[in-house]
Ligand code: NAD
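Only one chain comes next, encoded as structure tokens, the form predicted alone.
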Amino acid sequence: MQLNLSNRVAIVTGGASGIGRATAILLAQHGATVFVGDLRLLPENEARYAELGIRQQTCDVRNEADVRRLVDAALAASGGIDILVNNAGIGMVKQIPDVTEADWDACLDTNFKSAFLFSRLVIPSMKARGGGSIVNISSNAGLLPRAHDPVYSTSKGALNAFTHSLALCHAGDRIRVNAVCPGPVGDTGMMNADLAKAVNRAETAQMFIDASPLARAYGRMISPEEVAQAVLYLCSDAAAMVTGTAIAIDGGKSLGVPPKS
């Protein structure tokens, strides 16, 4: 019963694919009324989302007007918001001398500013309803820096710091704020884009797997559904006393250099 989300209203950003899609479906399956926002909605989701009562809306999470439209739609349809999953994100594999101001803004605005824009708008509703749960989808790159994507790592490190600060600020309102730090996750827009650019797709996929000791032990990447299970827990009453955490769903990747097999 602690995982029963009946009468809860959730917003999931980046909910058309990958972790966002898996999360939206799982929350709906556990009783939540789910509103999905994504820059590009996918026709293949329509039947499944309609079956689960998931409502979709195009949303550029960097744009305050788009953010407000999605929040207002959820409020108008349901009267309040209990759960916010800030999942929308993009990668950025460039060294700092090659990063333009537009690159920086795109990465920081999508991965970090969007969480601020949504949180600012949903917190008043959560307070009025006696509490809520905000889950920020971060990355193992937010737990320790990575040499190949410093801007992405910065955006996720900032998101983790925001998570901790917001959790402290709103514990008295019974609003819990946590982060989930995945990687390497297969079948996501970000991973698929990386693999599409690879000279040898199979070798590159194996490189991602080998960087995570548990992924290497299982011989596969983490699934979006496995990350969604952590989000479900954090949104549920089972996590009533959990706030300000950053849970790594990365197969041990953030622990350090794995032993040679």
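Everything numeric here is computed off the predicted structure, so don't read it as measured data. Heads up: residue numbers just count along the shown sequence, starting at 1.
What comes next is about the form predicted together with this ligand, which does not appear here.
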Contact flag, G251 vs this ligand in the model of the complex, heavy atom cut 4.5 Å: no
message: Taking any heavy atom pair closer than or equal to 4.5 Å as contact, tell me whether G157 reaches this ligand in the model of the complex.
response: no
message: Can you tell me if A115 lies within 4.5 angstroms of this ligand in the model of the complex, counting non-hydrogen atoms only?
response: no
Are any of the heavy atoms in V9 no more than 4.5 Å from a heavy atom of this ligand in the model of the complex? no
For this ligand in the model of the complex, the stretch among 71-79, 165-173, 134-142, 119-127 with residues bearing a heavy atom within 4.5 Å is 134-142
Contacts from 52-71 to this ligand in the model of the complex (any heavy atom within 4.5 Å), listed N to C, are C59, D60, V61, R62
